[in-house]
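Encoded as C-alpha cells, the following chain is the form predicted alone, with no partner shown.
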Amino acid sequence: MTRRVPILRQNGILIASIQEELSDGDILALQSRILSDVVSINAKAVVIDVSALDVLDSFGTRTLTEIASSVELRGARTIIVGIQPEVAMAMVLLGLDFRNIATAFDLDHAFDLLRAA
C-alpha cells in the first residue's frame, strides 16, 4: 500500500495533510492509519488538512465524519482544516455538513482551538 498522506506526530497531536484527491480505497486506508495511530500514541487530537483539495465528494466527506466520530470515541478531538470556499458550497448543496466537527481556517487556527480547549 502506498502511503499517499503523511501523518505527522507532534505533542500527542496527529496531523494528516491531504495533498491530492484520494481514491475511495486511499481514504479508507487513511482512516485505518489514523485510528491505529490514535490508539498507538494515545493521541489527544487529530488535525486533517484538506486545504489542497478543490473537490471533496460525498464519500470523502462521510469518511471524514466517520474518522472524527471514531476519534472522539477514543477521547480525542478532530479538527478539519482548510475547507476551500468552493468545497464548502458544494457540501452545502449536497446536504453534507461538519456541524458536529470542529473546523479551522488553517493549522495555526487549529492549534489555537486546541490550546483553548
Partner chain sequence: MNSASIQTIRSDGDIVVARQTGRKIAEDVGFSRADQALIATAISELARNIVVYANSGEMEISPVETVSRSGVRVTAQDYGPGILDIKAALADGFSTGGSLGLGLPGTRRIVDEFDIQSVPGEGVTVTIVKWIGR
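Positions refer to the first chain, counted from 1. Worth saying up front: this structure is predicted, and the values here are computed from it rather than measured.
Only in words, not in the display: the form predicted in complex with its partner chain, which the text now covers.
Enquirer: Is its partner chain in the predicted complex near all of Leu22, Asp57 and Ala90, within 4.5 Å of a heavy atom of each?
Expert: Yes.
Enquirer: Which of Leu96, Ile13, Ala102, Ala16 has a heavy atom within 4.5 Å of its partner chain in the predicted complex?
Expert: Spelling it out, the residue with a heavy atom inside the cut-off is Leu96.
Enquirer: Whether Arg33 contacts its partner chain in the predicted complex should be assessed with a 4.5 Å heavy atom distance threshold; does it?
Expert: Output for Arg33 is no: heavy atoms all beyond 4.5 Å of its partner chain.
Enquirer: Taking heavy atoms only, is Glu86 within 4.5 angstroms of its partner chain in the predicted complex?
Expert: Flag for Glu86 set to yes.
Enquirer: Lys44 near its partner chain in the predicted complex, any heavy atom under 4.5 Å?
Expert: Result no; Lys44 lies far from its partner chain in the predicted complex.
Enquirer: Tell me, yes or no, whether Arg74 is in contact with its partner chain in the predicted complex, where a contact means a heavy atom of each within 4.5 Å.
Expert: Arg74: no contact with its partner chain in the predicted complex.
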